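Below, in structure tokens: the form predicted on its own, a single chain.
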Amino acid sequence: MVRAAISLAEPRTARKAGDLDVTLLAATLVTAAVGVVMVYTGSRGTAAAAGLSPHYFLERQALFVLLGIGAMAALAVVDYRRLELFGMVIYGCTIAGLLGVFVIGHHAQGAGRWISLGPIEIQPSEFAIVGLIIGLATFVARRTDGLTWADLFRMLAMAAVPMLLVMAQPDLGTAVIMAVVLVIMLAVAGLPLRTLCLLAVVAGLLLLAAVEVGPKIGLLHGYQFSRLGSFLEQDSKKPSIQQSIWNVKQSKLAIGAGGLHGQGLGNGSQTNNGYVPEQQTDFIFSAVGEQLGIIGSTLLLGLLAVISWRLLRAAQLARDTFGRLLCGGAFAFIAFSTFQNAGMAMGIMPVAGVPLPFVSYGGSAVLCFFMVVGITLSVRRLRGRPAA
């Protein structure tokens, strides 16, 4: 689909062999296909318990993936440099979307992260990550003489605004992803290592301060503080800790039950009986581990690693600063989301509402992951060199 659209959009003289990163495209499509299957097998029991059709989540996820492929194809065809013309407008629109959550947002499970448009629910925080990537890339690309300290503080402010708005929803996981995206993009922009280390130290101190005083001033909510604390006490027998570690405990049991080869697609007591809450979204990796085992889980993580590698490679080969920063931001977005989601399912990272790229159920997240891949395909295509 993408190659055909590119062929129609470009004059024959402008096309070159190998201008489409087939490896990135194939890995993305295969991962999304695996995601559709896992959402179905991981959600049948949940759907039935809620009185829904067993195919409810399957049909919606398949639609999300098709929409995502369409968005990816469109962005792959468009010259990515046109995004720079509207970069700050896109950033401003994402801020407006985050503010809109507090006015017309829909609350669910103690969080207000969604805006309902009829039967469609949009999660602006996911699009805010894409908007932040484009906004920061635009800002840096327009500084042709290099970044000054004043520019650095402006970039920190640009990232702080959406991060604080997202944390207030509350959505700590997305705010952390934004912070990682910022650091990686600063590194790609050529910020000196000593400055990055200084920022890392300051960020660490701010994190400690947030954990210490966050619950008192409303920056962190009680359940978020409990999650951070219980992460360090996963083997505790305290009743106050047991509730906080329930999801992780059941997730680790599911992954352990899968063994080497797994219980088989659609099988597994943890998966079918709904012992792991939010299994089709935040804890989809537990369903992968129980049904497909270590081998299947490793293959899936391998696919996501290939996607991350191709995004990083596109950043290395980009023809300009703007393209390099776009790909660097896309790499940080997908690579860290993968690490965080799989890590919390295995108990090696704190629990945060971060989806597994292309696999977890959810329209906004799926669409945004496809969008950053589409932008990267455009950057890679206009580089005019075969995939390395």
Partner chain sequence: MGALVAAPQEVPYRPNLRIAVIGLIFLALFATMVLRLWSLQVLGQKNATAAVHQNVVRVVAVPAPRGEILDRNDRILAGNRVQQQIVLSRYEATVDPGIIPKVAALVGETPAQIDQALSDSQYSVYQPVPILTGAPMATIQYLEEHKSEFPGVSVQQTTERDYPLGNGCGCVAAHVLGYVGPITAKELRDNPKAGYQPSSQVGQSGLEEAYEPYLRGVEGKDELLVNAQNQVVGTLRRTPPKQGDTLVTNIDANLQEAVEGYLRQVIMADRSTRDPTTGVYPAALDGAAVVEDVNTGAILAMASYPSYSLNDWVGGISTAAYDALTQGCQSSLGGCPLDNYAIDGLYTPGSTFKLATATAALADGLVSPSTTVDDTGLFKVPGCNTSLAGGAGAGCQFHDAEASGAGYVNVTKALAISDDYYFYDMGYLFYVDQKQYGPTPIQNVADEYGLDQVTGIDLPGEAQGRVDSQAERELLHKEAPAAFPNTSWYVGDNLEMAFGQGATVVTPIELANAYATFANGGTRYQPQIAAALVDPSTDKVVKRFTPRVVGHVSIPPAAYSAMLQGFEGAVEYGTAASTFQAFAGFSLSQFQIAGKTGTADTAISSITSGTDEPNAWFVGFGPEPNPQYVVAVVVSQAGYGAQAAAPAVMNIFNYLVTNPIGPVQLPSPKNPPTTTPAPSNPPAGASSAPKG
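The shown structure was predicted, so the numbers you read here are calculated from the model rather than taken from an experiment. Numbering follows the first chain given and starts at 1.
Keep in mind that the form predicted in complex with its partner chain is missing from the display, and what follows is about it.
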| task | Flag this candidate site as yes only if F139, L265 and G362 all have a heavy atom within 4.5 Å of its partner chain in the predicted complex; otherwise mark no. | result | no
| note | Students should find that, of A203, V78, V89, L196, the residue having a non-hydrogen atom no more than 4.5 angstroms from its partner chain in the predicted complex is L196
| request: Have a look at L164, C93, A74, I294 for me and say which one sits with a heavy atom within 4.5 Å of its partner chain in the predicted complex. | output: I294
| field | Proximity of A168 to its partner chain in the predicted complex, heavy atoms at 4.5 Å | value | no
| message | With a cut-off of 4.5 Å between heavy atoms, is G100 one of the residues that contacts its partner chain in the predicted complex? | response | no
| field | Contact flag, G347 vs its partner chain in the predicted complex, heavy atom cut 4.5 Å | value | yes
| query | in the predicted complex, does T41 have a heavy atom within 4.5 Å of its partner chain? | reply | no
| remark: Within 4.5 Å of its partner chain in the predicted complex, heavy atom basis, the matching stretch of 267-275, 129-137, 81-89, 170-178 is 267-275
| task | Could you list the residues in 128-146 that come within 4.5 Å of its partner chain in the predicted complex, counting only heavy atoms and keeping sequence order? | result | T144, D145, G146
